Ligand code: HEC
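What follows is one chain in structure tokens, specifically the form predicted alone.
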């Protein structure tokens, strides 16, 4: 196909192919790098949030709950004695200023039905139980939305058993609040759930696509300008000189021997013009000999 095109069209087609291949490589590579940057940012957000949650839980476990149990051993005060309640309430406060964080204590056997794990969370918790990992992190799609998620296992400890052994041994106020159907039967060391933190990727994906569109538009503009400039250069330095040679050669073939092949420059086209001039001189001499 290229053989049947003019030099000008052939070069433009080649440049267009280079542009398409360059855009594929640029957009693909750019998307990968920008997506990695978005994932890194999401991971940093999750690590910060998780650190806050862990610090609060640790403070409650070692400072608040022991004193509370000593001072008020029979008092039902879950906000200061139950880690899950404390973390959930803390997460609600944080989300007032940072709504992009989604926090959930998930369990297939929760005391609070709001903490019932979904299919994805059940898969991760099962992985904890099998010993595949102690912490999971990655991208997940839920209800058509992408999230970067972090999950850490929740192990039944001694402090958990007094609430989750049987309804008969649990605090009566707690049983009255949550019922007797779920959240019991925990044994020491059991993997009973997971702490899940989700950061939506929608905003990061939007920014990534905007950056790609801007970058792709800039590259396209540069290629367009480059093609215009190269086209003008090709027309001025190749196409027109060749057209001039063709025009002069046509006139000479019709007997106008006064025409000269004149080319400005010092390239291959100049050498071609000089060769045609020598051929014209030889032709003129041959014609003179024939006339004599």
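Numbering follows the first chain given and starts at 1. Quick caveat: nothing in here was measured; it's all calculated off a predicted structure.
There is also a form predicted in complex with the named molecule; it is not shown, and the following applies to it.
Taking non-hydrogen atoms only, residue 157 approaches the named molecule to within 4.5 angstroms in the predicted complex. Within 4.5 Å of any heavy atom of the named molecule in the predicted complex lies no heavy atom of residue 150. The named molecule is not drawn, but in the predicted complex it has no heavy atom within 4.5 Å of residue 140.
Looking at residue 178, you'd find a heavy atom of it within 4.5 angstroms of the named molecule in the predicted complex. Of the candidates 220, 90, 102, 109, 109 is the one whose heavy atoms come within 4.5 Å of the named molecule in the predicted complex; the others do not.
Checking 124, 199, 192, 204 against the named molecule in the predicted complex, a heavy atom within 4.5 Å turns up for just one residue: 192. Only one of 93 to 101, 112 to 120, 208 to 216, 131 to 139 lies within 4.5 Å of the named molecule in the predicted complex by heavy atoms, and it is 112 to 120. Looking at 83 to 102, the residues that come within 4.5 Å of the named molecule in the predicted complex, counting any heavy atom, are 84, 85, 88.
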